[in-house]
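Below are two forms of the same protein chain, given as C-alpha cells: structure 1, then structure 2.
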Structure 1
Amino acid sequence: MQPKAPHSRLRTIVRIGAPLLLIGLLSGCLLPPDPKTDAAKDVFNLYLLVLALAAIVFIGVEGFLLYAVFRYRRKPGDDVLPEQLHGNNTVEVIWTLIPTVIVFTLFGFSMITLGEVNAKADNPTTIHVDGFQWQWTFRYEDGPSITGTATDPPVLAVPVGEPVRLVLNALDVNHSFYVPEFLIKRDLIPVGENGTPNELEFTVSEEGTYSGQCAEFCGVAHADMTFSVEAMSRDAFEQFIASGGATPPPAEGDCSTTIQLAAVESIQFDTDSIEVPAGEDFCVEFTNNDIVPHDFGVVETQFNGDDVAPGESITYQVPAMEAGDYTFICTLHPTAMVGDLSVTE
C-alpha cells in the first residue's frame, strides 16, 4: 500500500497554518482606533508599550516552556531520575528583577500619561454636558443649549487645535462620556448642587466628525444615548455658536383652547389624558417642573415641540386635528411619558 504522504503533509500544513492565519486576522483587532486628540496619542503610545512588554513576556515564557518540553522530554530507555536541584540564587534574582523592572517601567510611563490626560489649560472652551435618561444636553457658556433625541442625537461642536473642557454632570443615574477616537472614558455622576462634577479636557488634532455614546449601562434605552463630536475651525465654531443651537420659539397664535400640562419629577406628566376640540388649532402651555429636559409631541401627527429646560415653560400651538383618539408623549422619554389625547367634535 502506498503511503499517504501528500495527505499527511496537507494536514500538517493546515494544522500549523490555521492558527497562524487566525492570529494574523485577530492582530487587526489588537490596536485601538487612531487617536484624534493630543491626550489620546499619549494613551495610544502607552498602549503600544504595554502590548510590546506583554508580547515579550508571552514569547519568553512560552519559549522556555516549549524548550523545556522538547529538550527534557523523556526518551525511550530513560529510567533514571534527572539531577534534583533545590534552588538557584542566580535564577531567583533574575526572575525577580525582570517583573520588577517591567512594573516600574509601566508605572512610570502610566504616571506620565495620566499627567498629560489630566493637564489643565489656562483658557479652554468650556462646555457643560448633562446626561440624563436617555440623552444629552450640551450647554455652551454664553452660547446655545442643545438637547438630543433618540432619532436626532445632539452634535457637540468643538474648535480644532484648541483646548476644550467638558464639565460632566448626570441628572438622574450614572452615565459615561465616551468617544472611541479620544481613547478616554469619563463618568457623569449625579453630584447635586453642592458636589464637584467630573471634568474632561482634550484638544482635537484633526477636523472631522466622531461618534460618541454613553458607556455606562443606564437603563432600558441606554443604546439610544448617542451623540457626535464635530471638530471644526475657529471661524466655523463661532458661526455654530451664533446660530447652531438657538431654537426659535414657536409661533403663538390665537387659540380658543389652551391646555395646561406639566412635567413633574420622576419623568412623568401631571396627567395621562387631555381633551381638545376637533377642527381647530389648540395650544398646550407646557411647564417643566422636572430636573431633566422634556417636550410635547403627538405620535399620530408627528408633531414634535421644542425641548424645554428644567424650570422653564413654553406654549405650543398644535395644528387642528380630526376627531379621534391620539397619543401624546415626551419625545425625549417616549416610553415613560405617554398619555391619551381625545379630539372631540
Structure 2
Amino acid sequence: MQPKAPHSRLRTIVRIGAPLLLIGLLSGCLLPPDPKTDAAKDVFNLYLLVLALAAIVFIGVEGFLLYAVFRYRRKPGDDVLPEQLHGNNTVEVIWTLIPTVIVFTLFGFSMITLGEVNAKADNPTTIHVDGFQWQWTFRYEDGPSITGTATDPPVLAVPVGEPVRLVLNALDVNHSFYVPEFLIKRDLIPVGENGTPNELEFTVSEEGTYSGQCAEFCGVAHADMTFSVEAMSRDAFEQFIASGGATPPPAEGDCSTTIQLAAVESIQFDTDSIEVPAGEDFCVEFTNNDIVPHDFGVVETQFNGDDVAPGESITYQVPAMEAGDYTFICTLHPTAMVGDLSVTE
C-alpha cells in the first residue's frame, strides 16, 4: 500500500467546490419547461430522477479523471515504471454491477411513467389533427375545421382539466405533433386506407397558450409548421366550437373574367402563369385535386383566399388590380406553389 498523500487545502476546496458548482450548473440549466399536462408532470419527475443519476455518474467519472490528471502526473526525470497492474476480477465484477443497477433503476421507473403517459381515458374530447406539407388542419367533431398558414399558424382549442384525444393523420409525408410544455410528441404517419392513425391523449392542467411545432422533418418548409394550443374552460371551448363552426360561404362569382385554376398532385398548380385584365374584379374558380389543402393568394396585394380541402372547389373574387406583374401563390405552400400573374390593360 502506498501512503496516502497529504491533503492540500486547494485540493479540499476543489473536492467540495467542484461538485457543488457542477450540480448548480446542471440543475440550473438542464431542465425542460414547466410541465402543463398531468402526464407531463410524471415525465418531469422521471427526468429529475434520471438527471440526478446522470449527475452522480458525471461527477464521479469526470471527478476521478481530473483527480488522476493531477495526482498521477509523471514527474520530469522519473524513469521508474509504475506497478504493472493488469486488472482485477473483483473490481471488474463490482464495476459491472454499478451500471447494471443504474440502468435497471432507470428502466423500472421509465416503464411506470410510460404507463401513465400512454393511459387512455373513457370519454375524451376527440379532435382530428391532419398534418400536411406544410401546415396543420384541426378538425373538431361536429365543429369547425381550421387550417393555418405559415404567417398565421392555427390554434388548437382544448378544454382544460379534461382528457383530450388527438387522432393524428398525415396526408402526405411524416410529421410530428410536438408541444414542448406537454413534454411529448407523437408522429403523424401516412397509413394509407386501411391503417390506424396514431393517437395522443393528454389532460392539460392549466389554462394558457402553449406553442408547438412539427418535429419530424417533412421537406422544404418544415420550419413553418408551427401552431399553438389554447387550453380554455369547458364553456369557452364550447363557444369556440359554436362560433368557429361557420366557415364563410364561398364568394359568388360576379365578375366578367373567370380564370380556371387547379392544384394538382404533389403540391403544384396546373399552370404557372395567369393573365387577367386590369382595373376590374376577376374571379378564380379554384379546384383542389391534390391530397392536401390549398388556397390562392397574391403576394403583392396580400390577397389570401380561404383554404380548400382536397377534392373541393371554390370561386374567389379578387379585387381589381393595376396593370403590372404579380406573383400568385398558395399561401400554405408559398415556396412550392408560385406562378406569374400578369395584369394587363
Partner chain sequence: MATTTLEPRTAGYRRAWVLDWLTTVDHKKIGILYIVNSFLFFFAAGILALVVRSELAVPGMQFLDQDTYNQAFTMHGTIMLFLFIIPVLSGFGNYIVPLQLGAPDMAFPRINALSFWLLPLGGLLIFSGYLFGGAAAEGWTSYAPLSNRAEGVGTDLWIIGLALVGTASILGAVNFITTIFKMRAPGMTLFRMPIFVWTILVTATLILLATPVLTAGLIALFIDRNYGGSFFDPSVGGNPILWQHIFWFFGHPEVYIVILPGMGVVSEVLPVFSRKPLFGYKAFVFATIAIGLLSFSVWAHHMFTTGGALFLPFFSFMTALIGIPTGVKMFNWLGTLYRGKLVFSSAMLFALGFISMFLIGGISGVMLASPPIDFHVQDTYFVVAHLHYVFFGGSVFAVFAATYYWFPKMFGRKLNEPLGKIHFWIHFIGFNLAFFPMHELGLLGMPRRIADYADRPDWVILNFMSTVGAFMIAVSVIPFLINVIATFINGEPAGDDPWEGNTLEWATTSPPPPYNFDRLPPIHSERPLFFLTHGHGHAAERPDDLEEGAEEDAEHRKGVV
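These numbers were taken from a predicted model, which means no experiment stands behind them. We call the rigid core whatever largest set of C-alpha positions still superposes within 1.5 Å between the two forms. Just so we're on the same page, residue numbers count up from 1 along structure 1's sequence.
Working note: structure 1 is the copy from the form predicted on its own; the remaining copy is not. Residue 57 and residue 188 are assigned to two distinct rigid parts for the movement between structures 1 and 2, based on which superposition fits each C-alpha better. For the chain modelled as two rigid parts, C-alpha superpositions between structures 1 and 2 yield a turn of the smaller part by 13°.
For residue 102, the CA shift between structures 1 and 2 after superposing the rigid core equals 4.4 Å. Fit the two forms on the rigid core and the C-alpha of residue 50 turns out 2.4 Å off between structures 1 and 2.
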